[in-house]
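This document contains two forms of one protein chain, each encoded as structure tokens and listed individually as structure 1 and structure 2.
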Structure 1
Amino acid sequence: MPSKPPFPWRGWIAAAIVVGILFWSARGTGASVGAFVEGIPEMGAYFRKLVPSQEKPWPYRYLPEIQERLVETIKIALAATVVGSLFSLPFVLVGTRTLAPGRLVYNLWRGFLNLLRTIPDLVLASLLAAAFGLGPLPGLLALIFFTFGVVAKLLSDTVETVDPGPMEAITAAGGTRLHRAVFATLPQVAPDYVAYTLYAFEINVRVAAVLGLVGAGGIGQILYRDINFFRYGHVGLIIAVTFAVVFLIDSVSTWLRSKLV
């Protein structure tokens, strides 16, 4: 038996505060078990309507359009992943304490990265859609920003934890900052870099599937249209196919990552 109780008194106070916040949140959002239970028949009826075979004729003719939009979705995610992660690579030179030219540059850059990461991807996408017009371009740009932010941060974090030996050796031999980065650091973090890229790709695929809801291209665009036109069978079919594809990509990518790092 443990000698120390798992809940010290400070834990109880924290728990009470959390419970208080949750009650306050339930009031603020109008959430209640009663409303949920009351909504169950409604939800059941809605989900039944989504079954594609409920629609006559069965919307199989719709599959080519779904396929086309799904390919566009994957292209957006892939292009953003490759561009964003390649851009992030040189920035370890300012984002890492051991490689940055000075404390100030490092802090400024880290601050900027944190700022970039606070902007939700879909908010950015909807802003860019206003600037560039509807279509895949604003979605692509939003995901490039997002990928850049994620990979640059994770990569810099990793570079800070690598074995300093090779770097010291290069410094001792008269190597420059660039030499240290290219010959001592990058070979050590290469598998991590690939893993982060795959990780960003997984998120990008998931986000790209809903970009269309804010007018930024991909499968979400026809999903939103069909939801608004109450074409339940179409909606169900899109959701099922998209989910299957996204799940497959996600699983393969997660498996690859587990082999890498």
Structure 2
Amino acid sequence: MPSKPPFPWRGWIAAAIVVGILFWSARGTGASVGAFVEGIPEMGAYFRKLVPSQEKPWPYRYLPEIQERLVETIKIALAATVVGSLFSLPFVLVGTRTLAPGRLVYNLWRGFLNLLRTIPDLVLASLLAAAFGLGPLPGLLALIFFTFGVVAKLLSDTVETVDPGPMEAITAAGGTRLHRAVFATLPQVAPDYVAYTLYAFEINVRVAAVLGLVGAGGIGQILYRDINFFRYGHVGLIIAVTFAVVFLIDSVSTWLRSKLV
């Protein structure tokens, strides 16, 4: 007769801890199902205000300005993605555990990446806007830092898991650290590098739209203006057009990444 499996007490304890943390968090934040249900009619009323046809004159003549700002947002995201991902590549190839010249360099590189990724995008964009003024430049610089951190982190983790065989062969043949990086590591991680860059571009398009709220250019800047002036029809049109464009970009990028990895 087979023995009875032991009671999974560890799983039940972990589940109880998670539930307890959930209730503690809900109580601390004032989350309430009743308040959510009571607020549904207000949410519905606000969403009805966002329908462009509810505003007279119709805001569709506003489309050219939306198009101009949306193109600016895409340009910011594209330029930041290209510059940030290109800058990340040489640092990754010499700052990972398998290629770093020493433990100190590796620890400094990892610490710098962790520090860079802890700075919120809006905080960084606000600081840059204060330094360089309002416009696309602060948003571009903020996204370059963001892209650098994201791509460098993902690619560093990938480099440390590649097949060490080619690097050992190059080392045995008298190759340098640069030879190992360029001829053994880079060919193995190139598809992942392109995929991470496309992924960063997806995020940058969405983040670039939000950075306009702090004066960093793009579609977010006129969205913030229209919210302040209670132009709900304009706000609804901006959201609808932005959603359509971001959805299209995400779909194409996801398809391309599926072909690469």
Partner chain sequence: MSSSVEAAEAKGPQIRRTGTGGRIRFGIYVALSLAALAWSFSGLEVSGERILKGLPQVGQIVRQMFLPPNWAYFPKVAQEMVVSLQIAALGTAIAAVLALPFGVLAARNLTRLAGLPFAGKVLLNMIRTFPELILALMFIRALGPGPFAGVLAVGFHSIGMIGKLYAERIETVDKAALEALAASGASPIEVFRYGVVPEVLPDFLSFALYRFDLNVRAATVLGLVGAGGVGTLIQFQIGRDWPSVGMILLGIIVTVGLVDFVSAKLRARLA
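Sequence positions of structure 1, starting at 1, serve as the residue numbers. We call the rigid core the largest set of C-alpha positions that still match within 1.5 Å between the two forms. The structure displayed is predicted, hence computed values, not measured ones.
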| property | result |
| --- | --- |
| Structure that is the form predicted on its own (1 or 2) | 2 |
| Cα displacement of Phe36 between structures 1 and 2 reaching 2 Å, rigid core superposed | yes |
| Threshold 2 Å Cα movement between structures 1 and 2 at Trp24, rigid core reference | yes |
| Core-superposed C-alpha of Ala244 shifting 2 Å or more between structures 1 and 2 | no |
| C-alpha positional change at Ala14 between structures 1 and 2 - rigid core reference, Å | 4.7 |
